[in-house]
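Here we start with a single chain on its own, the form predicted on its own, put down as structure tokens.
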């Protein structure tokens, strides 16, 4: 006859502790692997906008970034931006320059495409549509969420690349062309891959889709 051994109180506590530890370890591992776990994905169909024609939706790995464009401030640049968005030129293009908690930049249509990524020239490519003049606003402030067009160290060299600020950047005032502002989805941008040692990202994240709310 096999004698049944009764667990002590200490053994029961130990088993419970080990079980809880295993559960928490699994949850922690899952959270680390899924960087988008706690990011809200905003649905534009459930939001009321004052001017639907100026709303753009950038879809990244962790969800939607909803942007209001400002054609009254930068008419020529916003016109170019809208054209490229409507023609799906930004789809599958890299966020090639990312500064942690500061800004994300993408839009190199020549060297930043997912199926034709060229690390040698990434960040220098063009759209083929020619350069734009810098549209300066003396009253616009480059605050957190601002979307602006990137350029070289010279003005009047904007083309297709754009950046989105994750912090206020008063030094950008009257230096860059503002095209809009993020209304929803800054947390999505904060999850975009960055490199601790460089502004330029090896194996970057990509824009999945970029579209206007009203085509």
Partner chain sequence: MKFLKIVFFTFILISSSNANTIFYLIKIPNLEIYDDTAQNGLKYLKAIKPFQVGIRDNNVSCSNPKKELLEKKYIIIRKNLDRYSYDFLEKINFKYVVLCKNLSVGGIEAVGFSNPEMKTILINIGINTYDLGRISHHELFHIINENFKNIFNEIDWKDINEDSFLYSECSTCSENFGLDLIENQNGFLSEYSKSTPAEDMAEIFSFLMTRNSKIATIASSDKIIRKKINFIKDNIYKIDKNFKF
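Worth saying up front: this structure is predicted, and the values here are computed from it rather than measured. Positions refer to the first chain, counted from 1.
The same protein also has a form predicted together with the partner chain, omitted here; what follows describes it.
A.B. asks: Each of 85, 87 and 111 near the partner chain in the predicted complex, meaning some heavy atom within 4.5 Å?
C.D. replies: So, no: the whole triplet misses the partner chain.
A.B. asks: Just one of 103, 73, 132, 122 has a heavy atom within 4.5 angstroms of the partner chain in the predicted complex, so which one?
C.D. replies: Only one listed residue qualifies here, and that residue is 103.
A.B. asks: What is the one choice in 150, 55, 39, 182 with a heavy atom within 4.5 Å of the partner chain in the predicted complex?
C.D. replies: Of 150, 55, 39, 182, the residue with a heavy atom within 4.5 Å of the partner chain in the predicted complex is 150.
A.B. asks: Can any non-hydrogen atom of residue 169 be found within 4.5 angstroms of the partner chain in the predicted complex?
C.D. replies: Residue-level check for residue 169: yes, a contact with the partner chain.
A.B. asks: Is there a non-hydrogen atom of residue 43 within 4.5 angstroms of a non-hydrogen atom of the partner chain in the predicted complex?
C.D. replies: Answer no; every heavy atom of residue 43 is more than 4.5 Å from the partner chain in the predicted complex.
A.B. asks: Can residue 175 be called a contact residue for the partner chain in the predicted complex at 4.5 Å between heavy atoms?
C.D. replies: Residue 175 belongs to the contact set for the partner chain.
A.B. asks: Can you tell me if residue 188 lies within 4.5 angstroms of the partner chain in the predicted complex, counting non-hydrogen atoms only?
C.D. replies: Because no heavy atom of residue 188 falls inside 4.5 Å of the partner chain in the predicted complex, the answer is no.
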